[in-house]
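One chain is shown next in C-alpha cells, namely the form predicted on its own.
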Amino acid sequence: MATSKKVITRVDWEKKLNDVKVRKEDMNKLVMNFLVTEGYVEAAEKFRLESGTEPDIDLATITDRMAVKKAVQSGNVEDAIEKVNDLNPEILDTNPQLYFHLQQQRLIELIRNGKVEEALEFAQEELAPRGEENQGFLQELERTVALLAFEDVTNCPVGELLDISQRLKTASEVNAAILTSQSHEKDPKLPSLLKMLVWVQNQLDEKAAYPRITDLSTAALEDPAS
C-alpha cells in the first residue's frame, strides 16, 4: 500500500535551513580550493587579499601548471613534456600511463599536420615498445595509427581522436597528475558538494514534498507540486 509523502511548506523549510550554520571561513576555503584547482591564479590572489584565506599551495605553481595545460591544449606536446619535467621529473617517471598518453597526443598532432612518415617513425620508435609491454597501450596505439588509413577523417571510426576534446582530455590528465604531485586534490571540492546536494534531494523526493533546488546556478527554491 502506497504511503502519502510528507509535505513541507516553504516557511517550515526556510526555517530549517536558517537553523543550519555554515562558517564563512569554510565557505572561503571552498572558494579558494576551487580557484586553485581550476587554475585561476589572479582570482585566487585577489581572493586571498580580500578574504584573508591562504591557499594550501604556492600560487606561483598555478602559473606553471596552467602553462603545461595550455601547451597541451594548443597541441604543443613536446613543450608540455619539457615543462612537466621542469616542474617535477618524477611525475612522468612514475606515471607510465600519463607519459604514454602525452606521446600518443604527439602522434595525433603529427597526423593532424599531415606528417605521415614522421608519424609512422615516431609510432614505431616511441610508442610501439610501450605497446609490447602493455596491451591497453597497444590497443590505443592501433586506434591512433588507424587515422592514417583514412584520407577523410570525418568518415574514420576513430576520427574523434582529432577533436579538440582529445586535447582537453589529455590536458586534464596532466593537470590532475601535477596537482597530485603537489599533494593537492585533483578535483575541486565544490562540484562534489553540489553532486551530494542533488543526490540527497533525489533521496528525499521519495519521502517528502518540499521546496527543492532545481537550478543549481541560482539555488532558488521551488515550491512542491500541490
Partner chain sequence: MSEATSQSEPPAKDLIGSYFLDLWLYTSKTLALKPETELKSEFEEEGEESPTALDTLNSSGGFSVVGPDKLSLLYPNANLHGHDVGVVQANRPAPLKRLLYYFEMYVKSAGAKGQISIGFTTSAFKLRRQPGWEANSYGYHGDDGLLYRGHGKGDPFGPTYTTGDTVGGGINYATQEFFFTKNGVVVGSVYKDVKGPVFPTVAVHSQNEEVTVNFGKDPFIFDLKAYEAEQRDKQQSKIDNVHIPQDASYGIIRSYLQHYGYEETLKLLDIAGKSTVPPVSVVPENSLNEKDGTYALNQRKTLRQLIKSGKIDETFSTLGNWYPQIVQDGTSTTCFLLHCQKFIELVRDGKLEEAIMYGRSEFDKFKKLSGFDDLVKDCAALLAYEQPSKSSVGYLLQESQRELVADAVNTMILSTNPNVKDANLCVHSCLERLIRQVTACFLEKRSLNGDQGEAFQLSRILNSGKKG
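It should be emphasised that the depicted structure is a prediction, and the values quoted were computed from it without experimental measurement. Numbering follows the first chain given and starts at 1.
As for the form predicted together with the partner chain, it is not shown, yet the points below apply to it.
- Residue in contact with the partner chain in the model of the complex (any heavy atom within 4.5 Å), chosen from V198, A176, A67, V158: V198.
- Contact annotation: V31 falls within 4.5 Å of the partner chain in the model of the complex, judged by heavy atom distances.
- When contacts are judged by a 4.5 Å heavy atom cut-off, L59 does not count as touching the partner chain in the model of the complex.
- A residue is said to contact a partner when one of its heavy atoms sits within 4.5 Å of a partner heavy atom; Q73 meets this definition for the partner chain in the model of the complex.
- Not displayed here, the partner chain is approached by V20 to within 4.5 Å at the level of heavy atoms in the model of the complex.
- Contacts of stretch 174-203 with the partner chain in the model of the complex, defined by any heavy atom lying within 4.5 Å, are made by S183, E185, K189, L190, P191, S192, L193, L194, K195, M196, L197, V198, W199, V200, Q201, Q203, listed in sequence order.
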